[in-house]
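Coming up is one lone chain in structure tokens, specifically the form predicted on its own.
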């Protein structure tokens, strides 16, 4: 079992609000018709949360929060920390208490846990492929609306790092931005620098070595090397020569990650980690 490095917990207020919204969506105005119609109010049970597949866990706080919203009498014991890599059949958490509350909150807690654990597992796979190289694996802004903070947390739980959280915390000049100011990449960088504060970094996307050559004199902090071949990436890294961070993006999978990392880039960004990673199969079993 691989244990996580230090991982800051998600703010409790964010988790609670997300769980409250999800429970409102699920329970509506009438509550859990199934559980309420057949399970006595005083009934109790003990259940375990178990993964059916091996993977990296993220989102255990959502199990605790879902139960707390429905009953303070549900006891939740978390056995696996976020970031733990565990084999199939591992007990992640044990729940005990009012049966109605546990069954009514089961799906909400598991929805978050399976989704975030899937992201963490996919991230961990890429990170492990290049763990001997000084290259960071990051996500992007391609996240599920309303879930960005949680999905980016899952990337961190999987050993990755986060790209910017939103449009507000960094300048990223993509092809459309450059086209909007007349197509001159240098002008776009200079205009951005004139507008922002001294603590804000500028990243510029380039998909050809010619664009990179034109942008270099304007000294952006980061170059996004978009969908370049391995040979182009090697040349681009040599041209940048440590004057800026070299970030590779586009078409990075478990089959290509190692070769791309070996070109000398500093960062690899993978949008699919948050928008397409399959959920990890995790269920609740009554003991």
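Positions refer to the first chain, counted from 1. Computed from a prediction, not measured in an experiment: that's the story for all the values here.
In what follows, reference is made to the form predicted in complex with another copy of the chain, a form of this protein that is not presented.
Chemist: Answer yes if any heavy atom of residue 239 is within 4.5 Å of a heavy atom of another copy of the chain in the model of the complex; otherwise answer no.
Modeler: Close contact is absent here: in the model of the complex, residue 239 is far from another copy of the chain, nothing within 4.5 Å, heavy atoms only.
Chemist: Flag residue 126 as yes or no: does it have a non-hydrogen atom within 4.5 angstroms of any non-hydrogen atom of another copy of the chain in the model of the complex?
Modeler: Residue-level check for residue 126: no, no contact with another copy of the chain.
Chemist: Give a yes/no on whether residue 235 approaches another copy of the chain to within 4.5 Å in the model of the complex, heavy atoms considered.
Modeler: Although another copy of the chain is absent here, residue 235 would stay clear of it in the model of the complex, with no heavy atoms inside 4.5 Å.
Chemist: Is residue 37 a contact residue for another copy of the chain in the model of the complex, using a 4.5 Å heavy atom cut-off?
Modeler: Yes, residue 37 lies within 4.5 Å of another copy of the chain in the model of the complex.
Chemist: Have a look at 83 to 91, 127 to 135, 169 to 177, 206 to 214 and name the one stretch with heavy atoms inside 4.5 Å of another copy of the chain in the model of the complex.
Modeler: Of the options given, it is 169 to 177.
Chemist: If you look in the model of the complex, which residues in 46 to 80 sit within 4.5 Å of another copy of the chain (heavy atoms)?
Modeler: If the 4.5 Å heavy-atom criterion is applied to another copy of the chain in the model of the complex, 46 to 80 yields 68, 69, 70, 71, 72.
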